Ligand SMILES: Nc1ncnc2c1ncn2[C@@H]1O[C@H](COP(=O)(O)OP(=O)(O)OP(=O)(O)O)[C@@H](O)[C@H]1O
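Quick heads-up: it's one chain on its own, the form predicted alone, in structure tokens.
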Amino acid sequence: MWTELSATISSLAVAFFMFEKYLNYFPYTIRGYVERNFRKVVNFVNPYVEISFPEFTSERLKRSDAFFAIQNYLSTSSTENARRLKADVVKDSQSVVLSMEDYEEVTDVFNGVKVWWASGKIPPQSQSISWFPGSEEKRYYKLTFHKRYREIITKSYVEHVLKKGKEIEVKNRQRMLYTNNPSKDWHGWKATKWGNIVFEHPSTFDTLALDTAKKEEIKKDLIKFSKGKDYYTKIGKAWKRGYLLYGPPGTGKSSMIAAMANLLDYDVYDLELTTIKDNSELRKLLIETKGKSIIVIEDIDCSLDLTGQRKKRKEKDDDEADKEKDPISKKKKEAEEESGSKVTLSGLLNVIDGIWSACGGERIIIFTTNYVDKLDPALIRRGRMDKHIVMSYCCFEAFKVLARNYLDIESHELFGKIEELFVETKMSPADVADNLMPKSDEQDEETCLKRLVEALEASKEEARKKSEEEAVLKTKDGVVTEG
């Protein structure tokens, strides 16, 4: 019986080949009729179903997410079963991901059902050079399974493959740091709205000069957010969270952002508002961002005139003279005049908290500022900026982190003196770190600690003199007022 069946299948295969070869010689009406009936005979004998997943979608120019998800999923099966493999290097050239070579086949088992995956490609019909990827050779994956398992494969297995493939992609991907290109560079061959480089910032929560309890609180908040997809769906909110980082210069706001990205394994989008012409461009940039990312607007108080836009025009006119004296307002005005940006407060609010904020999921939005009182209350209210984090001057707890990072020490006889000075004076973590960093091979930890003590004492003396001068000025003002 098997011999007869094999002979029958072989005959059908030869007939099918000859049919395909000479099909074009038949008239169109006859050709369609013969082809339909011939395929019915073949399908009656063949108990297997095939599903193809092409590299390009029907839009031709867009690559299929499903194709790459399948490629990632099959990387495990390829490593174990395939004889011919392709290697791709990821993760800063430290990890190798293997996938099966073209025209290779591997098997997979799902809930006891065996399936076959094969990779292939269709050569381009024309040998001419084309700038469009849809005109190149078309790769594809073909899934084959027995027709009795059609329901379990189409309803469960394919979904399982795509889900696992996307998880592998996130795990193996090279994290990137993006910055938005000016809109004049958005068009043309290979032009993009976002430029990018590999994200390699080494900052972590272990290296942050911050109070330990505060660091743990922020870490727990971030981890809870990253696992909250179902919760956000349940309460009907977009899966995003806003953080406001504010404090004096040099207090570690940028390092905090990098530590957040490294903790969650997120990409970072550095959004420069002054290069964006209007609200429409701002929305287009948002659509181009991906999930598992942090969108950052640094020094938002200096970017554009987004502060106090809800004031009455008369009040703004009355304050114009005062604003000219304010260096922050002057810097914003110069940035606006230079960029010609027409991004408004309402446009930015729409992006971070309106209907457009739901485009994509698992995103964190961060604003940083040195002058939180300059920002419009509508911009930083709870619900938009969900968590406000004060990045303050260095305390003794933060100093011990820096001493461990820069000098590899946990304690020293000068620590007591340094702790007293931190109570009496203010110094940013950046200045503390600069004093702790050895400037030559001859400088040891004691030299660096003594330099820090001297800097703290000098800062303390400077603060004392400034306080005395202010007291004298207040006294003079009081005398003039009485007179």
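These numbers were taken from a predicted model, which means no experiment stands behind them. Counting begins at 1, following the sequence as shown.
Only in words, not in the display: the form predicted in complex with the named molecule, which the text now covers.
Partner contact region in the model of the complex: 249-257, out of 249-257, 192-200, 152-160, 380-388, criterion any non-hydrogen atom within 4.5 Å of the named molecule. Contact check for Asn370: a non-hydrogen atom falls within 4.5 Å of the named molecule in the model of the complex. Residue contact with the named molecule in the model of the complex: Asn72 places no heavy atom within 4.5 Å of it.
In the model of the complex, the named molecule lies within 4.5 Å of some heavy atom of Tyr406. The named molecule is not shown here, but in the model of the complex it comes within 4.5 Å of a heavy atom of Leu208. This chain is displayed alone, yet in the model of the complex one of Leu402, Ile168, Ile297, Leu286 has a heavy atom within 4.5 Å of the named molecule; that residue is Leu402. Of the candidates Val49, Ala455, Ala430, Leu414, Ala430 is the one whose heavy atoms come within 4.5 Å of the named molecule in the model of the complex; the others do not. Residues of 145-162 include none with a non-hydrogen atom no more than 4.5 angstroms from the named molecule in the model of the complex.
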